[in-house]
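Read the single chain below, which is given as C-alpha cells and is the form predicted on its own.
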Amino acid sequence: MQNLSPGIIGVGSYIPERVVTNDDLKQFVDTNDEWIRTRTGIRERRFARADEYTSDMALAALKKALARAEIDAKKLDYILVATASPDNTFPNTACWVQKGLGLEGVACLDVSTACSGFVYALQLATALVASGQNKCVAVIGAEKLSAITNFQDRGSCILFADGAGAAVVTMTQGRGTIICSNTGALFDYDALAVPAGGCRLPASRETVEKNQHTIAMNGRATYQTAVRKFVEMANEACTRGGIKISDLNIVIPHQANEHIVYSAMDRAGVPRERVILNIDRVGNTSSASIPIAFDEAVGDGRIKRGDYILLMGFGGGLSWGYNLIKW
C-alpha cells in the first residue's frame, strides 16, 4: 500500500462569457491588434459582467473542481483564495465563497501575492493537509482585473483579464502528488503595484482622479526579473524533485506575456511544445492564470497520469513560487 501524501484530486476553472478582442480595445485605447499581438501574444481576453464579482468566479471554478474530484463541498475544511482583486478589503473573498457554498464555520483565508498567488496558496494547502490539522482544502485563484485596470495606460491595460481556477487538495495515494514547492519575494514597489486604497494612500478624490486605485506596472523591470526567476525556479524544482529538466512533461507558467514565457523556457531548456500557454485567448488573469491553464490541459488530455507538471508564478511583491506535481 502506498504512503499517503498531499495531492490534487480535482481541478476546475471559469472564464466569463464576454470576449474583448484587440479590436474592441482599439475603440477606447490608442492601440491596435498588431501592436498588442507582437508584444504580448494576446488576441483576446474575457471581462466579467458588471454584476459578476471575483467571488462569483471563484465559486464557479471551485464547484467544477469539486465535481471532478467527486466529493461534496461539505468535505472542505479550509478555503484559500489567491486574488489581487478581492470583492472587499474584508470580509475576505474566501468568506464570500464560503457563503456561496453554505459552509458555516469553515476556515477562510485570502492570499495576496498577485500573479504568484495560486502557487503560494497551493504550498499553504499542502502544509495544512500534511500537518493533519486539515483534511480537505480548496485552493482558488480568482481575479476581476478589469475592475482595477488603468485603461489610460496603453502599455498595461492590454494585458489584464478576468477568470478563476481551482484545485482540491487532500491526502492521496499517489494521485496528483505535490512533490515540492517553494516561494519567495523581494520588495519592489515600482515594478508592479496598486498605489492607493490602503492606509498609506487612502481613497480620496485625488487618488481617484489620478487612477491610483488601478494597476501601475514597469513592464521592462518586470520582464527582466520574471525571465531570470522562471529559469531559476525550473532548475531548483527539478533538483529538489530529483528529476531532470528533460523529465518535465508539462510546464504551466503564469500567463504574463508570451515573450516572457518563451524566453524563460528556451533558456531553461524546456521544449516549447511542453509549455501550456493560453494567454492568446484569455489574457493575463494574474493569480487565476495558472489554474485556468491547468484545468484546460487536464480537460483536453494534454496532462496524463504519471506526468511531471511544473507550475511557476511570478508577480507583484515582487513575489514568485513553484509547485512540482506528479499527476
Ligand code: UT7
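Numbers for residues come from their place in the sequence shown, where the first is 1. Quick caveat: nothing in here was measured; it's all calculated off a predicted structure.
We do not show the form predicted together with oxa(dethia)-CoA (UT7), though everything after this point is about it.
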Would you point out which of 147 to 155, 100 to 108, 244 to 252, 73 to 81 contains residues with a non-hydrogen atom within 4.5 Å of oxa(dethia)-CoA (UT7) in the model of the complex? 147 to 155
State yes or no: in the model of the complex, is some non-hydrogen atom of A167 no more than 4.5 angstroms from a non-hydrogen atom of oxa(dethia)-CoA (UT7)? no
Contact test in the model of the complex: R200 vs oxa(dethia)-CoA (UT7), heavy atoms, 4.5 Å: no
Using the partner position in the model of the complex, report whether P195 sits within 4.5 Å of oxa(dethia)-CoA (UT7), counting heavy atoms only. no
Does any part of R39 reach within 4.5 Å of oxa(dethia)-CoA (UT7) in the model of the complex? Heavy atoms only, please. yes
Work out which of I260, A268, A69, I276 lies within 4.5 Å of oxa(dethia)-CoA (UT7) in the model of the complex, going by heavy atoms. I260
Is it true that C115, L159 and G219, all three, sit within 4.5 Å of oxa(dethia)-CoA (UT7) in the model of the complex, judged by heavy atoms? yes
